[in-house]
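In structure tokens, the next block holds one chain alone, the form predicted alone.
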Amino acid sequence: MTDRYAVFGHPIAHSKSPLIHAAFAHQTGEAISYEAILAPLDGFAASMADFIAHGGRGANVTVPFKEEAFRLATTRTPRAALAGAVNTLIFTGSGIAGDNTDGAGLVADLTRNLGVELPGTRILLLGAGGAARGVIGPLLDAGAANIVVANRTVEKALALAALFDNRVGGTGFAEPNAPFDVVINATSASLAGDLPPISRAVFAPRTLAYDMMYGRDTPFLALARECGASTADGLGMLVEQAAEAFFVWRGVRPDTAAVIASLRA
């Protein structure tokens, strides 16, 4: 019997998740199907209820429904509670469990695929929205010494930093003016082809500049290269967070390297 899974979003046609999970299923021998479902902007909960009623075992959730999925979940993992958003749902006899695998996916990509030694690192995190909030806890758990959240609205950066301990601080985009070990772009600027107004001084030859956006060269990555930094996009994070969700659902951890390589090709 094949178990049914899906990703819900709006828009969703661009999603690589069905390709990724099909590859995981083939690799592990798990009997699953996985589809992309376009949920109406005002009909996420109804779409999810219909999916469950027709045998859905679990689901991924992407923009713009992660906060709504958080509210829909009857129980949440500690990392989902810290993130304030849910990207993975598990349907059980007793309700809907919510998890967030984004931070784990980022940490796995940084450490396993990109060779970053996170213990002791200083990280500049650009943006104070849901994408940033979801990764702070896992980065701290992995040993980051200090995370500076920079945002256009300083108050929002400070409010996000206040949810964590004193290893996390908040500031405006213009203030950081010394090199960091890792600079992560978690803003939506790359979607529009824009660049957060940051100082070139945050980059050094030893810096890794990481853009959560994938599939295109962004102004953020171009600036980092000009400053001599090494760069990476978010494709590895996409595959790694999917692998974490697959593990949550099936108890089997797929190998991600071959899947990342095939998507890049």
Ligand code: ATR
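Not measured: the values here are computed from a predicted model. One rule holds for the numbers: they count along the sequence shown, beginning at 1.
This protein has a second form, the form predicted together with the named molecule, left out of what is shown; the following refers to that one.
- Proximity to the named molecule in the model of the complex, taken as heavy atoms within 4.5 Å, picks out 147-155 from the listed stretches 75-83, 108-116, 147-155, 175-183.
- For the candidate set Leu124, Ala131, Ala161, Ile136, a heavy atom within 4.5 Å of the named molecule in the model of the complex is found for exactly one residue, namely Ala131.
- Contact check for Asp141: every heavy atom lies farther than 4.5 Å from the named molecule in the model of the complex.
- In the model of the complex, Ser188 approaches the named molecule with a heavy atom inside 4.5 Å.
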